[in-house]
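We begin with a single chain expressed as structure tokens, specifically the form predicted on its own.
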Amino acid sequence: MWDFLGDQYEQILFSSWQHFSLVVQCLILATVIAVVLAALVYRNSAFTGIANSVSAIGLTIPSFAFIGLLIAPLGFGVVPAVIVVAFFATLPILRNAVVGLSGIAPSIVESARGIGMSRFRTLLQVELPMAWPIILTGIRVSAQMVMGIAAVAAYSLGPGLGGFIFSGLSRLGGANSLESVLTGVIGVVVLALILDLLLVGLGRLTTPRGIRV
């Protein structure tokens, strides 16, 4: 194992960075999409129900099958991996964003409107900051989930540590096959822990002190 790590050291670091970068960029994209969608639907109970149903049903789609379906029209490479990771990343964040925005007391919104704040300004300066801890919880859940999905996305020759896993599985029983699989699996777990710690720190920096207390 140590010999394999020594020989593949540079490739492991490069693939780890690709994996981490893919997940973080897809998380940012998913957060923007989820918050915008939640802001559009949370005031309407029917649309809120639809958003929650889509979030729940979407998570039942097998990620491996989804990647396979995208390979036919889009080919191999980064694009199918980004679409799959961003899609699954959006679902938990959307659900939490809807819950967070819907849970704000109407009296708080009315008070903001009463002092002359527009609906958009109320959303931006009052509702979103108050809902942010719940949204961030969704982001943390999503980050852990898609860290593994990003490894599966390597089936489409996407970037990341999944290449080590599929390479080892394809020649299981051969030289360094088990070491390759373990490198990919352990690397994904370590990256997931690092990202979660970073998100905890982000929460401490971005959550208003009054809400945190």
Partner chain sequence: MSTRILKAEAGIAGGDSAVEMPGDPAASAVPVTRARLVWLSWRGLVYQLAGILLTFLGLVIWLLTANLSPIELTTLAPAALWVYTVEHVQLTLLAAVIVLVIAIPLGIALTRKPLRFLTAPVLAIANVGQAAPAIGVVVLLAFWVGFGFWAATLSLVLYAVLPVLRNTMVGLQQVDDRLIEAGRGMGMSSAAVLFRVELPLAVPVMLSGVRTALVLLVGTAALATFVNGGGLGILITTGVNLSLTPVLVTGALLVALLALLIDWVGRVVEHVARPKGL
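Note that this is a predicted model, so its numbers are computed, not measured. Numbering follows the first chain given and starts at 1.
Another form exists, predicted in complex with its partner chain; not displayed. Remarks below refer to it.
Figure note: of the listed segments 137-145, 82-90, 119-127, 105-113, the one touching its partner chain in the model of the complex, with heavy atoms no more than 4.5 Å away, is 137-145. In the model of the complex, every residue of the candidate spot (Ile57, Thr60 and Val99) has a heavy atom lying within 4.5 Å of its partner chain. Residue contact with its partner chain in the model of the complex: Tyr42 places no heavy atom within 4.5 Å of it.
Although the partner is absent from this view, Ala65 contacts its partner chain in the model of the complex, with a non-hydrogen atom inside 4.5 angstroms. A residue is said to contact a partner when one of its heavy atoms sits within 4.5 Å of a partner heavy atom; Ile28 fails this definition for its partner chain in the model of the complex, lying far away. In the model of the complex, at least one heavy atom of Val152 sits within 4.5 Å of a heavy atom of its partner chain. Taking a 4.5 Å heavy atom cutoff to its partner chain in the model of the complex, the contact residue among Val24, Leu202, Ile12, Val189 is Val189. In the model of the complex, its partner chain lies within 4.5 angstroms of at least one heavy atom of each of the following residues of 178-205: Leu178, Val181, Leu182, Val185, Val188, Val189, Ala192, Leu193, in sequence order.
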